[in-house]
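Take a look at this single chain in structure tokens; it is the form predicted on its own.
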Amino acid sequence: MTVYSVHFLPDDVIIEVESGTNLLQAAMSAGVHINASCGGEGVCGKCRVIIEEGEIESSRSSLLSEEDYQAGYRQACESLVQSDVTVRVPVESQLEPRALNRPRPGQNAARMAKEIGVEQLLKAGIFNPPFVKKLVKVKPPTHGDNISDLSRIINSLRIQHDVHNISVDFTVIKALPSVVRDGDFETTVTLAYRPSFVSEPESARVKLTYIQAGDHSDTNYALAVDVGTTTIFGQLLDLNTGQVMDTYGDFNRQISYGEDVITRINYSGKPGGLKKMQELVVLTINSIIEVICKRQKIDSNEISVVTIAGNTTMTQLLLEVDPKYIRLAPYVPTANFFPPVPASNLGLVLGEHVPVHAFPSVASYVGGDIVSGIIASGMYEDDELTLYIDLGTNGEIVVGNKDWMACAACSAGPAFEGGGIKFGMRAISGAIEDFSINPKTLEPMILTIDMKRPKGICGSGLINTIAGLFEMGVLEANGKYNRALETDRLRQGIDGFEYVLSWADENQTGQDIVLTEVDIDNFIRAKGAMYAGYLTLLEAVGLTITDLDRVIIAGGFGRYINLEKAIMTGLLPEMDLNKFTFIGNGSLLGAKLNSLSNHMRQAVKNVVNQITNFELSEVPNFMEQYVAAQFLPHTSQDDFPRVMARVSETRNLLET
């Protein structure tokens, strides 16, 4: 078989592949990211690349214009290597992990909930980290005192630190003789205190998990991790002080195999697919660990525990547990609770003494990330009747208070993260995030992340743009453009009618950035699924929107949406804006709290046992609600009186 080299730009990465290798697969093997929302099935058109040199076997699909095809654009997933080639990944097909870690002003900063930290835990008397380090000094053995090394450690813990009922990991016993003597009989032991997420024998309230020579009692860290479908964030915590030392995020490397959990479940069912998915998520977490440890100049062996929160599929993929039956009726996860797993067994670059505690899930589509968010929000111990919303591809919702809770998942699709939108992209530098329109000329004013030349539109920008076009009468309630308007911004395109957000010479892509009616339809379906989910779940427990005391919005995407514009599109219910609260990454916050408080770990088990799950697909009224929500903002205008009054007033002013 002939071997050819593939040179990827601008990463400047070269890989050798056999003739006929799929170009997207070559990029994956080389560690070069190319957006591929559909997992390589050729239906999303996101994996555009430019062939600068060499021969590629690839036909033109309807997702590439003839002009682009002649300019060298190809879909990577539809291209086979036939010679040495040079491939340029254009800006719209790239990812920029650094953008995830760059502070970005939010439009709702004043409504952000104050993040719970060590001060609140101390005030409540529940700052009690599950993993602590103790300095232990023992007397050297003599002929008259020759009890075992282990007995000396256990006796000293009882006498010096009042620690009793101790069990010991075998790895500690193996290391014990040399470690004790290397430290001249001064050692630091790591103790794990019950409870955990999973009930374990009560005979051992404390477990000795690690032993070090000398005094390491001032270097005790935990790693909290949010394993998201799109992004993964890690947070380093000082278990002695409770302070956050560092936070870093990266894109989940699994996204090269598909944007959503269903695509990844399907891939995991292929030969070697489950192992590949597990390796990719571990590779991402390891890169985060490396960055954080390097920046903080710490030894990763000083990390005592990892607490991970993710949705049900992401958790099972991380643990290399087959997720096949999550997507098949009756939608069954392998387990709701998983026992702690040694980090080294998963491939994480941490000591073999470090356990990974995964948040338990409620159901196939309501996972540990939502449980973690509920803990972070505090709704499980409040009187207020709360609607908790995690906006995303698999939008999850919870309603209730300290007495009861019910949950459901809405399959919103990837529109909020750029999927299914012609020029959709994630919230990275150059993404359009805000929009307004001149009511006379219909010319747009757009703002991008980092104020860079535009290269696409992110989820918050999509909401703001659709809301602005709808209010000004450019868009009708059915999601179709008003064809009677005279402006060169509105035109017929290859995907139907479209509005030009940015001309080719004004942006980074070299082509007009447009919002098509197909894009708008995809958004309406996504927001309609979310809104139908709210109403159906509330109706199932005998409530309505007006019964709610507050709405908590979680998730990185939710942090940046404009409330008024989200309500105008019908994504959020029309309520007093003061009833809305943003908690940001609730999944990561909950993982942090559970790293700092054993009290919180007990609360996790109670929350999971308290929640009742509803499968919306099996609730007859859901489809009726979904169909009713396929308009801007909704077919029931009585549910959005302030929105309709504002739209009517704006349009009347334009006509005068």
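Numbering starts at 1 and runs along the sequence shown. Bear in mind that the values here come from a model prediction, so they are computed numbers and not experimental data.
Just so it is clear, the following notes concern the form predicted together with another copy of the chain, a form of the same protein that is not shown.
- The partner is absent here, but in the model of the complex a heavy atom of 320, alone among 517, 320, 246, 564, sits within 4.5 Å of another copy of the chain.
- Checking 618, 52, 67, 55 against another copy of the chain in the model of the complex, a heavy atom within 4.5 Å turns up for just one residue: 618.
- In the model of the complex, no heavy atom of residue 269 sits within 4.5 Å of another copy of the chain.
- Put simply, residue 151 is close to another copy of the chain in the model of the complex: some heavy atom of it is within 4.5 Å.
- Among residues of the shown chain, residue 295 is not one whose heavy atoms approach another copy of the chain to within 4.5 Å in the model of the complex.
- Among residues of the shown chain, residue 169 is one whose heavy atoms approach another copy of the chain to within 4.5 Å in the model of the complex.
- Residues placing heavy atoms within 4.5 Å of another copy of the chain in the model of the complex fall in a single listed stretch, namely 322-330, out of 130-138, 438-446, 409-417, 322-330.
- Heavy atoms closer than or equal to 4.5 Å to another copy of the chain in the model of the complex belong, across 327-347, to the residues 329, 330, 331, 332, 333, 334, 335, 336, 337, 338, 339, 341, ordered by sequence position.
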